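To begin, one chain is listed below as structure tokens, in the form predicted on its own.
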């Protein structure tokens, strides 16, 4: 049964992967306009230069030839050159931005689940109390706040009015550092506002999902039996947590899957030089090679993260392994 479980998940993962590859090719090209004309309008390029760019980027070829070249570039790692940042390669751009995204997403992937799941567990365990009501209402309010609006408000209050934190970039422009600690301090100083915004906007969903899952588990028959046996509160909490953490684990897996893609809105609002901001720039300029490479990496990480979540499910809850065939 375990082998069948793993095989079925692997086949499903491969099917999703190939569908994503096809959509990754189609969607950017379905947008109106073409990269050469956008660059021509941006930089006032003459028509002769536009024709050269169209030929150089193979945009004048039939779609099936472009698709074959696209597949070859993805699986050989030869992602080509960026249209917007030509003659810089796509690989160079992605690798330059990736560490900043991993830093931001890595920190928030710890703060968001830890804060949100803890609040949700305590609220669910103390359901019906004032603490539960306060946590639930605050989470609903935060969840309803538009993501970009909260980021702008943080910039305005803490960056512009109070001038406590910078409102953009990952480093102070033109700054020089006498030692490594000064560099780290500057990085963390610029990182604070984006981390706070991502944590606040994402923690609410973790809190609500964990709280509701905890309440559902506490109403199961096996929990009533455990209480009737006189088991201590710590043991009851352990039994409840093992079952209640499955939905939050799904959310965590999805979050880890998006760790390469970055928080596009946050990075854009804060002009944070990560992959998410690179994706935004590439969409604006229809930079096909960068979009294809970024979404390809994002697709792989999302699929692998979800596959890992399935395996973790099977470890946490053995019942999941015993699925029926067909």
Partner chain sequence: MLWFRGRHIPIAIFIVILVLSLTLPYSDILVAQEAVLKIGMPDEIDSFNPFTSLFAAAGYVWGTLYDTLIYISANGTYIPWLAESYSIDERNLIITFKLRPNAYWHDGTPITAEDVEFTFNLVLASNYSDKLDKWGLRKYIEYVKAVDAKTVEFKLKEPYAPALFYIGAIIYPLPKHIWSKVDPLTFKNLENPVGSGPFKFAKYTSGVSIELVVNDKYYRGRPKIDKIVVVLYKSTDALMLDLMAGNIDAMTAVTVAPELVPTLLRDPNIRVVELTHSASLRWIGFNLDKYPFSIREFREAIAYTVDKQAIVNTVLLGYGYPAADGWIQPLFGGWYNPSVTYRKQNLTKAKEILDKLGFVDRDGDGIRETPNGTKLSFSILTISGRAEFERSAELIAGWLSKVGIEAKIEAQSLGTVDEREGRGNFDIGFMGMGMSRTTEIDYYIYERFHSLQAPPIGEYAGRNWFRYRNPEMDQLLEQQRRTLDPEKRREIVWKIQEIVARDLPALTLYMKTSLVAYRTDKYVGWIESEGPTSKLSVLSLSLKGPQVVTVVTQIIQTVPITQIREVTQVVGGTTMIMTQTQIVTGTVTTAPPGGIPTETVVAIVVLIVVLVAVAFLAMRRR
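Just so we're clear, the structure is a prediction, and the values are computed from it rather than from any experiment. Residue numbers count along the first chain shown, from 1.
Just so it is clear, the following notes concern the form predicted together with its partner chain, a form of the same protein that is not shown.
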- Query: Is residue 168 a contact residue for its partner chain in the predicted bound form, using a 4.5 Å heavy atom cut-off?
  - Reply: yes
- Task: Indicate whether its partner chain has at least one heavy atom within 4.5 Å of a heavy atom of residue 46 in the predicted bound form.
- Result: yes
- Task: Please check if residue 161 has a heavy atom lying within 4.5 Å of any heavy atom of its partner chain in the predicted bound form.
- Result: yes
- Taking 4.5 angstroms as the cut-off for heavy atoms, does residue 239 touch its partner chain in the predicted bound form? no
- Of the options 109, 205, 172, 73, which one has a non-hydrogen atom that comes within 4.5 Å of its partner chain in the predicted bound form? 172
- At a 4.5 angstroms cut-off on non-hydrogen atoms, which residues of 21 to 57 are near its partner chain in the predicted bound form? List them in order. 32, 33, 34, 37, 38, 39, 41, 42, 43, 44, 45, 46, 47, 48, 49, 52, 53, 55, 56
